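The form predicted alone is given below as one chain in structure tokens.
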Amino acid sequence: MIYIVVDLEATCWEDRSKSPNEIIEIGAVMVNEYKEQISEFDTFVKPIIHTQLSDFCTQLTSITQTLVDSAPLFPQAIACFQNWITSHSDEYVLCSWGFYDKKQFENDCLLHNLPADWIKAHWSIKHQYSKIKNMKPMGMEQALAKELLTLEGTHHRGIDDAKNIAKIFIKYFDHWGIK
């Protein structure tokens, strides 16, 4: 069994009036049953509906128009992601900070008429962490601070957030109960 700690970035607007959001970055860290990070995955994704990133989105994520313009479309990006996962194991659980990432994967699969059954093995670290700590769910940045862990990289960049989430995942690995 492997654990895929994933974080997505998607198109966004300050006023949240446009929809749908589309994935523009898939960042992931692979953790094995020995609590070791064994691989990383990161790709940008070119959106097809709202092809121009908003200034808000670029400021929030640091992802530029040039990066998404030269990126693969979702079908190619997700195929690479799935191949990366299955090149290590057919048994995996997707783990993310909350349920947003699972829902966004499902939405993008629907948008591109792709199967989404590969997403069903998903687990919310955010909600399990709140149960372990017996407190309300909180943001990743707040949880890192609570654990005295340093937020490294750029917050709201998929790969950096995945690495930071993986720190919490590994710290509490024996408490999750998903083995």
Ligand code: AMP
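Residues carry their position along the shown sequence, with the first being 1. Here the structure is a predicted model, which means the values were calculated and not measured.
Here the subject shifts to the form predicted together with the ligand, a form of this protein not shown in this document.
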task: Using heavy atoms and a 4.5 Å cut-off, decide whether Ala71, Ala79 and His112 all contact the ligand in the predicted complex.
output: no
message: Partner absent here, but in the predicted complex, which of 114-122, 42-50, 29-37, 57-65 has residues with a heavy atom within 4.5 Å of the ligand?
response: 57-65
Interface membership of Ala10, the ligand in the predicted complex, 4.5 Å heavy atom rule: yes
- request: Using the partner position in the predicted complex, report whether Tyr92 sits within 4.5 Å of the ligand, counting heavy atoms only.
  value: no
query: With a 4.5 Å heavy atom cut-off, would you call Trp84 a contact of the ligand in the predicted complex?
result: no
- prompt: Given that the partner is absent here, does Arg16 sit within 4.5 Å of the ligand in the predicted complex, heavy atoms only?
  reply: yes
message: Given a 4.5 Å distance limit between heavy atoms, list every residue of 90-106 close to the ligand in the predicted complex, or none if there are none.
response: Tyr100
